[in-house]
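Next up is one chain by itself, shown in structure tokens, the form predicted on its own.
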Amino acid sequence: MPALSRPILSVSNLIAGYGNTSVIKGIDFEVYEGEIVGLVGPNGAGKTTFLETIAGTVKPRAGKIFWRDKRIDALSVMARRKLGIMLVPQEAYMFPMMPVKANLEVSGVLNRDRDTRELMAYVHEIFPVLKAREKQIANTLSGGERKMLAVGMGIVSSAKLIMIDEPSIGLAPRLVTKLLENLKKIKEDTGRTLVLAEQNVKILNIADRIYGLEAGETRFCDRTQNLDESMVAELYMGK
């Protein structure tokens, strides 16, 4: 993790949920530029709700969210996207009836044309299947390919923080390993910051730090190298 004095994303005492139910119950959370943060926990721990609250699709009931020292918890989803915050949900975001290439091009609409071309070339380098499928309608891609496309769209959009909800869900084990390796490569090559909500134990191989969530509360946070991986896997990932 880069030695920075202040986080790019800081969350304080966040409470959020649906209807009369609070799913997130006072979470504190920090992310530093250029790191991968894993968010682990069993089903129902609140991982998805937490990411949706950061992205703006769920409104917090209490607490504060700061992006580079600017408070953003009252901002719209689009305003947060313009700041560089992007969520890739479990059902990968894309324009389903548009070709793969068009999805990537649209994602770079705020970029200079040259920047979009360079970023698309990088996406094709790490996800060559997207180059091979560039004329294919996005909705006809496999689940793994759709996840790759959604991540690629985040790269082309120049998102500074890419949050991915359950990147491994529905993927064969070999595809999980490859996708996670590519996410680590994205961090190393581009300096992008990633937050991955994940139940697959393989997240422990690429994350710089891990937060453990249970019943909407943070149970631990530490650098991955300091954790007992077998304990984390057993208690928080159902292994």
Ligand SMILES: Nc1ncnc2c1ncn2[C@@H]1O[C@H](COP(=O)(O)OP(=O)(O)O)[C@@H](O)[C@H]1O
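Only a predicted model underlies this, so the values are computations on that prediction, with no experimental measurement involved. The numbering used is simple: start at 1 and walk along the sequence shown.
Heads up, the form predicted together with this ligand isn't pictured, but that's what we're talking about next.
- Although the partner is absent from this view, G34 stays clear of this ligand in the predicted bound form, with no non-hydrogen atom inside 4.5 angstroms.
- In the predicted bound form, T48 approaches this ligand with a heavy atom inside 4.5 Å.
- Contact check for V23: a heavy atom falls within 4.5 Å of this ligand in the predicted bound form.
- Among heavy atoms of G44, some come within 4.5 Å of this ligand in the predicted bound form.
- This chain is displayed without this ligand, yet in the predicted bound form the stretch 35-43 from 172-180, 35-43, 200-208, 60-68 comes within 4.5 Å of it by heavy atoms.
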